[in-house]
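The chain that follows stands alone, in the form predicted on its own, written as structure tokens.
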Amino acid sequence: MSLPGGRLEGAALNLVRRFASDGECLAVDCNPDGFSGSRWSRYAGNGCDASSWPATRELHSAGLLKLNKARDANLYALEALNSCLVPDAPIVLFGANDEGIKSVRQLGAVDFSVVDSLGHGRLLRGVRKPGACGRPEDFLKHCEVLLPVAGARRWASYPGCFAQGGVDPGTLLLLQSLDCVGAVPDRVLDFACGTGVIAADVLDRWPRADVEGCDYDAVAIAAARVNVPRGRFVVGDGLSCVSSGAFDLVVSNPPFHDGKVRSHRVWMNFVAEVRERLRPNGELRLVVQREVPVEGPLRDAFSKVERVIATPRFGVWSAIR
């Protein structure tokens, strides 16, 4: 169970306390001074830069991996970690019981066994198998999506992307509401863009528009760049990652979870800040579940607020600066 310079499981316990992001991994080496290594996460935020695949070319002697909330993303994360490890390197997988850690016995070609408990979670240990590891393109998958203007389109996605890379009911309702947008926008932002569904529909409607998208998931951004080559897409957690200047239209189906926990943090920060990124008479158009208390924060930030579509599950709101 031990490695020179300290226990791998002890290092994992420290990392659980410090870095709890889903799908995050750390490839480490042991030395007399402790552990050093390369950190990778597909998700931006919490002071962590994100990328779709680890950039390091150095191979390390051990790996630590946080279980991802999206089950199909765990194999992607494991192969990303494997790309940083020497053959036969020990791997510690950690996560909460309600995230599914208790049911994990095998992931890819790695067999895991329980080595420690964390109260409401577990540490599992396995060994990186010899042989070539996967590459990002091995996980690229295609499906068909139906967009209101363009109709059927071939669509690229990766494991763990929102709505499995497709069009969820809330986003579809939001896209249908764009029929009643007034003036043709010159510059549009798709906030929390995922694989680029909204950005694609915006360009179908207004081909001359300058469209930018942002999302905290670097893997989803990689798919968006394939799906919408005319758009510009950036990775980041919030509006600070977006290019300077104001927009005529900001469109969003914002996230309502922080990891596995339901949270209002992202959309409330977004609503509070987005007014300053709109031109005079610019519009925010977003979709939320009916129970989300979005009207009050919208009226605090905007003078003209209207719910333009309501269904039993969703509401589409318009807020004009």
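The model shown is predicted, which means the values in this text are computed figures rather than measured ones. Sequential numbering from 1, following the sequence displayed.
Keep in mind the form predicted in complex with a small molecule is missing from the figure; the text below concerns it.
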Seminar exercise, completed: Which of 132-140, 70-78, 177-185, 232-240 lies within 4.5 Å of the small molecule in the predicted bound form, heavy atoms considered? The stretch 232-240
Exercise. When you measure heavy atoms, are D190, Y216 and V266 every one within 4.5 angstroms of the small molecule in the predicted bound form?
Worked result: yes
For this session: Consider S41 of the chain shown here, and say whether it contacts the small molecule in the predicted bound form, taking contact as heavy atoms within 4.5 Å.
Result: no
Exercise. Does A224 reach the small molecule in the predicted bound form, with heavy atoms at most 4.5 Å apart?
Worked result: no
Exercise. F162 near the small molecule in the predicted bound form, any heavy atom under 4.5 Å?
Worked result: yes
Exercise. Counting only non-hydrogen atoms and a 4.5 angstroms cut-off, does G282 reach the small molecule in the predicted bound form?
Worked result: no
